[in-house]
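Here's a solo chain for you in C-alpha cells, the form predicted on its own.
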C-alpha cells in the first residue's frame, strides 16, 4: 500500500533534506479493530523512503505494554516521536497524521531533528518557571486547515519544556474520546483536562492557560 504519491514524496524529500539529526518514530498498532493502522504503517514506510534519517520502530499496544506505559500510549495507531538518542520528548500523534495534518507532522520531524526555530526569550523564561506536569491534547480532523497550526504550537511547547507533553488526537478515529471531551469543533485544545479553548490561537493563549495551572493566583 502506498499512501504518499511520488509527487508528494518528491516534495517531502526536498523539505526533509533540512533534517539535521535522526528522528525515531515508535509506531503503536494493534491487531483487530484499528481503523487507520494499516494506512499509518504504509505512510511511515513511505516516509522512510523519503529520508533515511527517519527510523520507524513497530510496537503492539497490547504486547509491548512496558513501552506503552513508559510513553503514555493508550491509543492505536499512535506515533511517539523520539530524538536521535531515542529519548522521549513528550510528543505523540494519535491517529494517522495525513490530510492537512501531514504539515504538523513534517514540521515536528524538522523541529525534533534540530532544524527548528528558537522561541523568544520571554517565552523561554515563562516555560522555565513551570513547576507541574502539563498535558496538552489537540483534537483535530484531517480536513481541518487550521488544526496543524495548533498542533505545531503544542508540540513546540513540549519540545521546549520537560514539564509539558503534547498529543494530537484525530477526532473521528477516536470518536469515543472526542465525545468524552465534548469535541464539537476543531482544533479543540484541552490542557490538563481543566482548561480548554478552540481554534488555532496565538502561542500567548496556550501560555496563559498553562500558567493558570502551574502558577495559580
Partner chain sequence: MSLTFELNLSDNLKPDAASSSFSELQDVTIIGAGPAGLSAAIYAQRKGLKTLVVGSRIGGQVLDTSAIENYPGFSSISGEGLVQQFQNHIKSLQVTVEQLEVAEISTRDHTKILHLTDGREIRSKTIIIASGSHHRQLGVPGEGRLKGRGVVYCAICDGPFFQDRRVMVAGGGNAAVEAVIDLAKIAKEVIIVHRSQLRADDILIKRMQQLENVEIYLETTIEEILGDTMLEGIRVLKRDTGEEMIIQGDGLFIEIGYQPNTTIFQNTLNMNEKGEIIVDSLLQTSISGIFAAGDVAESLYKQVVISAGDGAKAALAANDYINHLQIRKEHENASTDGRGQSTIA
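Numbering follows the first chain given and starts at 1. Here the structure is a predicted model, which is why all the values come from computation and not from measurement.
There is another form of the same protein, the form predicted together with its partner chain; it is not shown, and what comes next is about it.
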{"property": "Heavy atom contact within 4.5 Å of its partner chain in the model of the complex, the stretch among 158-166, 48-56, 32-40, 63-71", "result": "32-40"}
{"property": "Residue 12: touches its partner chain in the model of the complex, heavy atom cutoff 4.5 angstroms", "result": "yes"}
{"property": "Contact test in the model of the complex: residue 18 vs its partner chain, heavy atoms, 4.5 Å", "result": "yes"}
{"property": "Contact flag, residue 146 vs its partner chain in the model of the complex, heavy atom cut 4.5 Å", "result": "yes"}
{"property": "is_contact(residue 79, its partner chain) in the model of the complex, heavy atom dist at most 4.5 Å", "result": "no"}
{"property": "Contact assignment for its partner chain in the model of the complex, among 127, 89, 75, 98, heavy atom within 4.5 Å", "result": "98"}
{"property": "Non-hydrogen atom within 4.5 angstroms of its partner chain in the model of the complex for each of 103, 106 and 185", "result": "yes"}
{"property": "Its partner chain in the model of the complex - contacting residues of 101-140, heavy atom within 4.5 Å", "result": "102, 103, 106, 107, 110, 115, 116, 117, 120"}
